[in-house]
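What follows is one chain in structure tokens, specifically the form predicted alone.
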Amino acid sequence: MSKMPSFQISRRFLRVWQRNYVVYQKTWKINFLTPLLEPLFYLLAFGYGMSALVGKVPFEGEELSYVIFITPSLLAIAMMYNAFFENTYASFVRMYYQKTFDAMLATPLSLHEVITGEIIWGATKSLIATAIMLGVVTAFGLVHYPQALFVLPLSFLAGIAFGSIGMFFTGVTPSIEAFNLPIFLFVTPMFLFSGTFFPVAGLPGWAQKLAMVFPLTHLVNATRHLCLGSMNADVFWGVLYLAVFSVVFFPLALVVMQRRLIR
């Protein structure tokens, strides 16, 4: 009879978070530019450039301008990208090339604490990027307060969800080049078909059902309602889906990383 895996996690995982934060401070100016400029480029190209062509977009009985429609999507995409890429490419580099994981495992830190610290750091980067982008779109008057403030804790939860699945892929991906596969098969379809640039209702029936499996669909939906000043059941279900997704993939990430690092 197989035993359930036991996870050895204490608050020492914060030391891993602290280590990554200290490194982040050395390049914070570069890290600051991307979430600052990215929403500006998207808003100019897609929001204002395409608004005249697209016109109004229907969303749950309302008619939204295209720039208002895609603004929450930009925030949600930033949440996904920052956590996912931090816990795939960046974590893989620290693990395989820099041997940072080996150094940390030579201390009292357990493997599970190292991986937990990595995932929480990915969620923190998601929060930082979202805060910067939220400030940009606020300057354009594209979000409603105080509801939009709840986007910040939502970004941290989303960071844990996407960071966990990112770390899961890190545990099963044989080389850094192989990350192209989960990006192509998992991230790109979500980027395109999760209600980001057009309503999910415009998809065929089977595609709508598939889109509801994507965590980004629920994140975009919850973020859009919060940015529009609405706190309804869709926000609750979005948070619940992301929480369940995290509960599933966080322990899976710990298991596959343990199998990879401890043979």
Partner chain sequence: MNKVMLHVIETRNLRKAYGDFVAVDDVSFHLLPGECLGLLGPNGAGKTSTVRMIYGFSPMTDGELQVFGLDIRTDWRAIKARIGVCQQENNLDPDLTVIQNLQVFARYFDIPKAAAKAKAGELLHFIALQQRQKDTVTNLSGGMMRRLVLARALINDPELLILDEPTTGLDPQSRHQVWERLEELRANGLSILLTTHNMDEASHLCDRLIIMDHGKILVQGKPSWLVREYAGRDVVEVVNPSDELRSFVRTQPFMHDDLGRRIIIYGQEGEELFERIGRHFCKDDCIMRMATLEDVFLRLTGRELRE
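Numbering follows the first chain given and starts at 1. Not measured: the values here are computed from a predicted model.
Omitted from view is the form predicted together with its partner chain, to which the following refers.
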From the candidate stretches 106-114, 185-193, 166-174, 81-89, select the single one in contact with its partner chain in the model of the complex, where contact means a heavy atom within 4.5 Å.
106-114
Interface membership of V23, its partner chain in the model of the complex, 4.5 Å heavy atom rule
yes
Is Q98 close to its partner chain in the model of the complex, meaning a heavy atom pair under 4.5 Å apart or at it?
yes
Any chance R15, R19 and D102 all have a heavy atom within 4.5 Å of its partner chain in the model of the complex?
yes
